[in-house]
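Just the one chain here, laid out as structure tokens, in the form predicted alone.
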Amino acid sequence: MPQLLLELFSEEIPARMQAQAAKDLERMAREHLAAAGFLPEALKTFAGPRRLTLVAEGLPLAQADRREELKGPRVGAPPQAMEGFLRKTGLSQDQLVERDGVYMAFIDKKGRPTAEIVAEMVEAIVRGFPWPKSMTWGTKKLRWVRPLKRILCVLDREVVPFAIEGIPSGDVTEGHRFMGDGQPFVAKDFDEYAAGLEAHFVVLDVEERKQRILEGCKTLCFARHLELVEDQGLLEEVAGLAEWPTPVLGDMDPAFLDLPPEVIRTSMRTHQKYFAVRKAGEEGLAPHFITIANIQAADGGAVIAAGNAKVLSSRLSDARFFWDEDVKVGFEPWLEKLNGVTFHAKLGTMAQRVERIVALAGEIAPLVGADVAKTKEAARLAKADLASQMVGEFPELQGIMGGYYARQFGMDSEIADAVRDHYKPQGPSDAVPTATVSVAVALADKLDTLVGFFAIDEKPTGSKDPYALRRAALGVIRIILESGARIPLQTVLARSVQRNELKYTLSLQAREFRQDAPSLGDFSVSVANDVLAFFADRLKVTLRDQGKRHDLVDAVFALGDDDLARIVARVEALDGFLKTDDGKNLLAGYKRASNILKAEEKKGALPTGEPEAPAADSAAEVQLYDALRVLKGPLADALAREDFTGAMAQLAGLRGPVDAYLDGVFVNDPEHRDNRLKTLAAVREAMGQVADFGLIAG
């Protein structure tokens, strides 16, 4: 069946926009084709520095004839409704069909040529394309990311004729700006198009460009006994900057290697888009770099490398100046500057935030086994480098530079490490801090962020999370779980709210404007509960990625526990238990018992107290009564030792007695009703010490 080939050729498309542009082009094309009744056998898009390309396989040459069914007003509806529907359909009332009291219109439409539909589709896509930023030019009636130069649109090897603001469609495109000999070439299908681009020095597929870059870099490194410092983010970016990417190895002045390697890499990456390299098998950086040229130079890139080396030397000279100036100043003047830096209009200055982090870190330190004095000092210094010249130039080095400066000034290594690591983890692939002082400061930093923004009601909504609170919560969860820290979050969070004088003011203001405003104590508990619920949601995401069920998190959180390490241990034990036959059947028995209790509760208050020993002739009652009595001590002991797997094993002993009881005992017997309800309540209470089984699906 026919193939559709579309290329939108323009001036340079920013690399950061290309991946999403390819997705948007595919989405919009699928939507338009589906609306016309087309379902292509395959559809793929490509994005590069100067072109967006789409190829769709298996389209018919014409749309099939079809009948549209339109639902109209109900029989007996006001005349105005009927008149509007008739105008919309172009029919008379006697042409309508009555169905189930509603008028229906059936309109036969003859299929249109696919070329007409494609022409309309392309114009709609071009005029409605969702570029994050775009520009107008020429007649100023057309917006595109950069000036649109050509439109190639071919269906079944024939040009689809149309024009958009004076740009006609055709079957001609062009290759590389410099190496493509400046001669356009004809492409009537995708095979001709791809072959033509390659012959004119354009690599169409971004994945192929990335592979070409990586292989070229590694080949250059191997020849010089070097290793590439891989950088996935930089690879993604440079693959969008060059149509014919050609790695070139250059040399840098070795004198700059005494700068922190992160400074060198950031200078290379941020300003010049260079890859760093190191000597094979060694730590640190080598005095070389790899740049990705967009041409294959006759001299092997020698001139390119020399020019880039000069630029890099200038950048690194600036970095050395920042370093030298910063070490003349030190932490105390930087801390003073933080008094003039606003963290958030409702949360005060950065200096006030530092005070909160110091107090919170001091409270967390004993809980994780950290030295309190070192922890407070590390927390006090953690944000100071924000006022340094180096971080002013390279914001991504915040924390990292603080750690280097702390060592430069001879500070304790634990303090320096905590300053360096307190932002970690900044993503799922980032390592978490492990040293106790670093753990305490990192937790304090993230918990203060969460408490502050929840207190001023700046919570994430939908896909919007401008203050990265989800990342902060996931960071707390990872640190606690990987370090085994035992943090009573409810208490720590509530104290954090109360400690913040600004939030006292917010609470007082709330009381002035609302009669039902909470007291300050209630306010702190409310914020803490909101943050805990947020942790529960994030923990579900974490455990779901590990294959755990989200309802188990709800079942454990319902106990009111705020120790994440203990919660996860319960969830893991519960998950394992419910995968056994004993667990599945006991859960079913719990739900049956719980349903009986709920039904009886509607009739009036349930009897309270411990069940009494049943008559000896009621074997099922005796068996369950004895099982509950035997279970009590071992279950309490296992829970006290936090042996949740052992606790589940104890509960497993209830399976047989509960099944026999529910199958063989008439609970609502008037003579024994109260005692039998007490027995079922005892089952629910025993199981409720481990989790709220009522919240578990199944």
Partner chain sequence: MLSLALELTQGSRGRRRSFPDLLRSMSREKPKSFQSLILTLHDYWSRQGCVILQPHDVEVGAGTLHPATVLRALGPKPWNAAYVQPSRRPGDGRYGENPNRLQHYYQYQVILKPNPENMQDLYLGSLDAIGLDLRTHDIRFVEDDWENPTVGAWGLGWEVWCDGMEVSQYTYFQQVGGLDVSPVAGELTYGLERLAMYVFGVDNVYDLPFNDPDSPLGATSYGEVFLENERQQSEANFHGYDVAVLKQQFEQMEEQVPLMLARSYQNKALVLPAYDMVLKASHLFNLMNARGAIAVAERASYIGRIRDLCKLCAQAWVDQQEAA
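Residue numbers count along the first chain shown, from 1. Remember, predicted model here, so these are calculated numbers, not experimental data.
FYI, the form predicted in complex with the partner chain isn't displayed, but the following is about it.
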Exercise for review: Scan L86, V525, I596, A297 and let me know which has any heavy atom within 4.5 Å of the partner chain in the predicted bound form.
Suggested key: A297
Check your understanding: Given that the partner chain is left out here, which of A105, M82, M135, A373 has a heavy atom within 4.5 Å of it in the predicted bound form?
Key -> M135
Check your understanding: Heavy atoms within 4.5 Å of the partner chain in the predicted bound form: which stretch among 548-556, 109-117, 345-353, 147-155?
Key -> 147-155
Review point. Are any of the heavy atoms in N308 no more than 4.5 Å from a heavy atom of the partner chain in the predicted bound form?
Key: yes
Practice item. Using the partner position in the predicted bound form, report whether P254 sits within 4.5 Å of the partner chain, counting heavy atoms only. Key: no
Check your understanding: Going by a heavy atom distance of 4.5 Å, is D674 a contact of the partner chain in the predicted bound form?
Key -> no
Exercise for review: Using a 4.5 Å heavy atom cut-off, state whether I292 contacts the partner chain in the predicted bound form.
Suggested key: yes
Point to revise | Heavy atom within 4.5 Å of the partner chain in the predicted bound form - qualifying residues of 263-280 | key: H271, Q272, K273, Y274
